[in-house]
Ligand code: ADP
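So this first bit is one chain, no partners, the form predicted on its own, shown in structure tokens.
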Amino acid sequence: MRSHPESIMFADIILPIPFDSFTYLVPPTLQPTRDLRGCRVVVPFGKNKIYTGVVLRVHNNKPEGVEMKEIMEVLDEQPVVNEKQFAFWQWIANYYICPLGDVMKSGLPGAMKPKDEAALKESSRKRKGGKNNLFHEDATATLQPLTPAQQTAMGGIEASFKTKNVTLLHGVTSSGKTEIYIHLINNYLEKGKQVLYLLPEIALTTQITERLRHVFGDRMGVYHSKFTDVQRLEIYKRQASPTPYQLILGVRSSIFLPFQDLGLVIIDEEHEQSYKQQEPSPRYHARNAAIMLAHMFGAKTLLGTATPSFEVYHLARKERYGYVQLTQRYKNKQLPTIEIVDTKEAKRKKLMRGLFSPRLIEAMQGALDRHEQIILFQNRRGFSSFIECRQCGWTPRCPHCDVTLTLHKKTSTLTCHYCGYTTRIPTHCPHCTPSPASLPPSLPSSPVHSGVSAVPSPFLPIGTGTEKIEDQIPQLFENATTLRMDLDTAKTRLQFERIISDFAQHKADILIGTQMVTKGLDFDNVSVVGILDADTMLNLPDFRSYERTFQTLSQVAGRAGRNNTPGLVILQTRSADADIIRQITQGDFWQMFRTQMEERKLFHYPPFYRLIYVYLRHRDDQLLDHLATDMGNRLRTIFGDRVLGPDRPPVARIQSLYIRKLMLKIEPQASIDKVRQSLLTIQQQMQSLPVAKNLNIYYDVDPL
């Protein structure tokens, strides 16, 4: 925007703090020559702080009664945020009820701060050739021909795209959905369009990157949070340049890249919870946000999964989305056989060895004898959920959160999986045992489990995590080698890649993991999958527990028998007669969906109603009770019986802040803008109360 030299110009600037924008004076030296919208600027804030922000708009309207501060420096010759990005940021801020400052923090790589740039340039200079080989290789492979079933599905997708902007590809595990994606990507790249290919987990990009790179070479860039600041900054700048990557493969943060001519968005494993950002704000769902991003470009969206989310499947059945089904595995490979083991009965007969039933041990031994591989799924990391005093039942708890501490045997520590607090295992129970000075110099190890030497005898480990499973394997299978994949062993991209690569090369016989092992991984030699305890998910107090259990167990079962090896899944449960277990073994998604939808409609849950959780946090528990009740009453004056609560969430204190939750159930046809404005008005009323000075209020729209 140009202005006359005599006019005074102001700029609204988005800063990386939870507000929409702040207004600054544009220095006269910048006014005649620069259009600053979308450029980064350095500004003073408060008494001593300096922030890097992005100019949202330039105007002549001086704020009244405010002492203006000037922009200190402009960092960019050209905008780093384009018009489509601004529109997308604003949509996220409006829909997910969060400030633009929070959206900007997610939308720009952390390396786009001036204090980092000198170090980044030096780091980039030192890297060999200044390039990352992941993004600079020529294509070496041609497209593989599609099978007749894949070709039929491909034709169905192309036909659907003629009338629908969003299409669901519902294909069983190992049906070859990725090959269909590759053909679709190639079609759109030939049209000169850009493609965004989203995956729910970084672990998945490791396997798929190699496959796509052989076909698309240096036309593809990979983008996710496990890359270094240098790598992410390179990708971002490349996408904003005149020669962007045509194909971006990434996880949820990839939706914030500066696309220029997006033609297709592929969202693989669309049902995955990993697409939902939980902390920090903005708490967006990348699947839904990507659909909106595609809409802004007039692009098409393909949702792929073997186990659709209920919301997506409902929209497909209502013909809001297109629907294409792929019912057979690639080259007609058989789906795995699923056997149910009643662990309640096995325990009654004292046949269980830890979490291993005789049938699972037999199946695993058979696979090992045939030199085949095994995946064991246990949806809990650590050694055990907590430890308990044998005498009085006391359990160590996190001093900052309302949770017990998880035992990690290898490090001899107790850890909070919410705030990261870690402490050594106590040598005595402070509740019922004398002080350490009166105890003998050492304590015998626990006899409960031969591998639990890290747990002093006063304590009993309760529950079983992946680390404990790993510890038990040598006692059951003397020569078997193991790998473990969870948040403790796969914290970095290199750790992810090493575990997956080592297992793919058969450097280990057994892979033990949490939900990470359920997410689309492809290992040719896996013939047995053991689901050690299906009940941990089934019994969660959540209206989505059956849906999630079906999805997770069906997905992990799909890891078996993906090549020519027949697959066997041993599903261990104490609820062998439950309908959901029968539906999983029979692959009866429709029956499970129909039953659950009847309940959701009756109790006003998605997809028939939208949910918004309102969270309040404060250090004073009693004051928070009063404030939460007050806010609930104010909300009811507008929303009536659509408001439930306040109540204490299952974990009612995290990082020393107490938490209360209110739930809103809103009809889908209700105006999002009116709901948002009503919530923000009441929030301002609450935070203006003298007693609510340190009250924090935030929202989770469409929570999972």
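Residue indices: 1-based, along the sequence shown. These numbers come from a predicted model, not from an experiment.
Not pictured, yet referred to below: the form predicted together with the named molecule.
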Residue within 4.5 Å of the named molecule in the predicted bound form by heavy atom, from 347, 211, 370, 491, is 211
In this chain shown alone, the residue from 150, 514, 482, 525 with a heavy atom within 4.5 Å of the named molecule in the predicted bound form is 150
(message) Considering non-hydrogen atoms and a 4.5 Å limit, does the named molecule approach residue 177 in the predicted bound form?
(response) yes
Can you tell me if residue 416 lies within 4.5 angstroms of the named molecule in the predicted bound form, counting non-hydrogen atoms only? no
Looking in the predicted bound form, any heavy atom of residue 173 within 4.5 Å of the named molecule?
yes
### Any non-hydrogen atom of residue 189 within 4.5 angstroms of the named molecule in the predicted bound form
no
Counting only non-hydrogen atoms, the one stretch of 584-592, 408-416, 142-150, 242-250 within 4.5 angstroms of the named molecule in the predicted bound form is 142-150
